[in-house]
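Just the one chain here, laid out as structure tokens, in the form predicted on its own.
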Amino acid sequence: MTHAAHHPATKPFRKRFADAAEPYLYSAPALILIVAVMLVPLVLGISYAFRDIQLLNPFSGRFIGLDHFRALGQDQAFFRALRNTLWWTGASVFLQFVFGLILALLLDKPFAGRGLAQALCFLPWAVPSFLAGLNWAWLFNPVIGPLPHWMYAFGILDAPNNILSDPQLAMWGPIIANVWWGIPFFAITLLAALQAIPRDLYEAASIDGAGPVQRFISITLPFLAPTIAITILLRTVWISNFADLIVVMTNGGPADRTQIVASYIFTQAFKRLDFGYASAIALVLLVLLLVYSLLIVLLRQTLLNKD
């Protein structure tokens, strides 16, 4: 009896194993789903980049190593698409952020009908991107849309022409549509962050004689910085991959002036049916976006640690 009291019975191995495995078993369905839906297609897609896969060629499918990447190094259309992607992403994210922040600051102030104003401002986010692209393409069409005539009246255009068919201006069409479509995302996230800032900080600052600009710079911006970093990271990655508006509005034209990497991948895969080459381009885009994401996450950590 005393012997047993000194040595409490250790759990049998099967019970210990079951206890250790329990959390993994609970999360297994989700993990299996993630592996099946995300990792398997990702690995397959990466493997395609090193193989010759053309849907119309029954003899394709062999391993060709780095041939696609060598071809990519000589592909001027790809480098043009890369430059267009930088322009498309940079302009879209910058304008969405600026207008989204202004909208969030306006909606943060109490006024009559604020609930209705918030609902209306967030409406574009609910419109499917395909439909948004069609709507904006119609608005820019001088036959049925008002925009070219307005821009001509304001002296922005020399004649009420469709900017989507002008090689110099075409990229502005999808960018304007994208800004309209994406402002609510920034407005919603920044408004939530603004409402989390303690109000007494503003009262104390105004008692100390700080003006609205000073209060914005010394209180609002530091509190918003982590949220701004993460929303800009997310939007940049999404917009770089986001070809819907461009495919619907210009299809990469005129003369490839609005072709971005994402729409170029779409063209290679579903028009030329060359899945191997499309996968190689997609892999390059993935690596570039991963590098960018790492830099932003490091920047955010530095900001948080500094505080």
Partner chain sequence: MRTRQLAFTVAHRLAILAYIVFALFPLFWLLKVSVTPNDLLYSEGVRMWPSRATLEHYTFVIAHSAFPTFFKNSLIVAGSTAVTVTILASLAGYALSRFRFRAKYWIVALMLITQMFPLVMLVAPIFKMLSPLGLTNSLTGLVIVYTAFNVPFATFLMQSFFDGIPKDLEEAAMIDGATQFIAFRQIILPLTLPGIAATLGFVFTAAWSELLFALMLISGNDAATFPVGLLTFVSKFSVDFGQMMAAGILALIPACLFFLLIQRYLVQGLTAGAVKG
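Think of the rigid core as the biggest set of C-alphas that the two forms share within 1.5 Å after superposition. Worth saying up front: this structure is predicted, and the values here are computed from it rather than measured. Numbering follows the first chain given and starts at 1.
Just so it is clear, the following notes concern the form predicted together with its partner chain, a form of the same protein that is not shown.
Checking Trp172, Phe223, Phe122, Tyr202 for any heavy atom within 4.5 Å of its partner chain in the model of the complex turns up a single hit: Phe122. Leu134 is the sole member of Ala91, Ile219, Leu134, Leu82 with a non-hydrogen atom within 4.5 Å of its partner chain in the model of the complex. Across the options 107-115, 159-167, 202-210, 73-81, residues that bring heavy atoms within 4.5 Å of its partner chain in the model of the complex belong to 107-115. Within 4.5 Å of its partner chain in the model of the complex, a heavy atom is found for all three of Met38, Ile188 and Leu273. Within 4.5 Å of any heavy atom of its partner chain in the model of the complex lies no heavy atom of Phe154. Taking the partner from elsewhere, Trp150 is found to have a heavy atom lying within 4.5 Å of its partner chain in the model of the complex. Interface residue remark: Leu286 is counted as part of the site for its partner chain in the model of the complex, having a heavy atom within 4.5 Å. Interface membership of Gly45, defined by any non-hydrogen atom within 4.5 Å of its partner chain in the model of the complex, is confirmed. Scanning 227-250 for heavy atoms within 4.5 Å of its partner chain in the model of the complex gives Leu234, Arg235, Val237, Trp238, Asn241, Ala243, Asp244, Val247, Val248 in sequence order.
Val284: CA moves less than 2 Å between this form and the one not shown after rigid-core fitting.
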